[in-house]
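Read the single chain below, which is given as structure tokens and is the form predicted alone.
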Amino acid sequence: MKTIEIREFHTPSSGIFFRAGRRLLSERTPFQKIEVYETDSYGRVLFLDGLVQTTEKDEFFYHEMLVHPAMMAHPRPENVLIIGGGDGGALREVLRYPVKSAVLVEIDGRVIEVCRRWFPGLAKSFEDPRAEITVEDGNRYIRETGRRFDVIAVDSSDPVGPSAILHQRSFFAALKRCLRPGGLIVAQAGSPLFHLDPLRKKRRFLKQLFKRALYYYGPAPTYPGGLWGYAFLSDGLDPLQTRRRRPPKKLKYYNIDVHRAAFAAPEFLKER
């Protein structure tokens, strides 16, 4: 059988490649190009506009580190909002907790449909009765909703195309207005190796908006550089004062020791 080679360039001269046995899907929606490939090394791989979004083999690194530091830091997270996250992975992690509701707002409904078909291990979270799935522009949703949340997780794509607005100051200011008292926000922030300048610029306005604006880090093998950054934002809660309660069972990466270590910045980031 002829193999298909897919390349994602992280710089003009380097990146990651996959050899796929077959292409399961390739289509263009009004928002982006969606592709799904079957690979030997990573199982099924989802691409949006040619960029890896998730793989069956390593998705748990990203989804656990996006969600659990926030859910463990908040003393009683009952109402959660997820912006993006159409594959269902972040929602799956949120629903490991006894939340009352978890609202997921995804701009491209076709991503949800594709993941229901090809990534059922992630998308089964959509069937939980506590989950509310809304196909809408996340930026519009937060400006129009009257609901308030304990935890908001921004599971966005890179700052291009429909996700560009989700990385701007005005968006985070609007997010803050959707928090309940004592609430917090976490957001994927990019690669500290390849996106250092955008990380620095974003931190400047985040520190203006929130009393506590911290970056933390975790591995993401198929994302640029293999190390990924996240923003933890609150006006009070300190992620390093997390009570010694146990995280949910059956996690693959996250634990309390990983939580504390994630907020320790490597030297090259301290210097910059």
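So that there is no doubt, residue numbering starts at 1 and follows the sequence shown. Keep in mind the model is a prediction, meaning the values are calculated, not measured.
Note that the form predicted together with another copy of the chain isn't included here; everything after this is about it.
- Of the stretches 24-32, 230-238, 201-209, 39-47, only 39-47 has residues with a heavy atom within 4.5 Å of another copy of the chain in the model of the complex.
- Another copy of the chain is not shown here, and in the model of the complex it never comes within 4.5 Å of any heavy atom of residue 141.
- The closest heavy atom approach of residue 97 to another copy of the chain in the model of the complex falls outside 4.5 Å.
- Residue 2 falls outside the set of residues with a heavy atom inside 4.5 Å of another copy of the chain in the model of the complex.
- In the model of the complex, residue 194 approaches another copy of the chain with a heavy atom inside 4.5 Å.
- Site residues 60, 225 and 264 are all in contact with another copy of the chain in the model of the complex, judged by any heavy atom within 4.5 Å.
- Counting a residue when any of its non-hydrogen atoms is within 4.5 Å of another copy of the chain in the model of the complex, the hits in 13-38 run 13, 14, 15, 16, 17, 18, 19.
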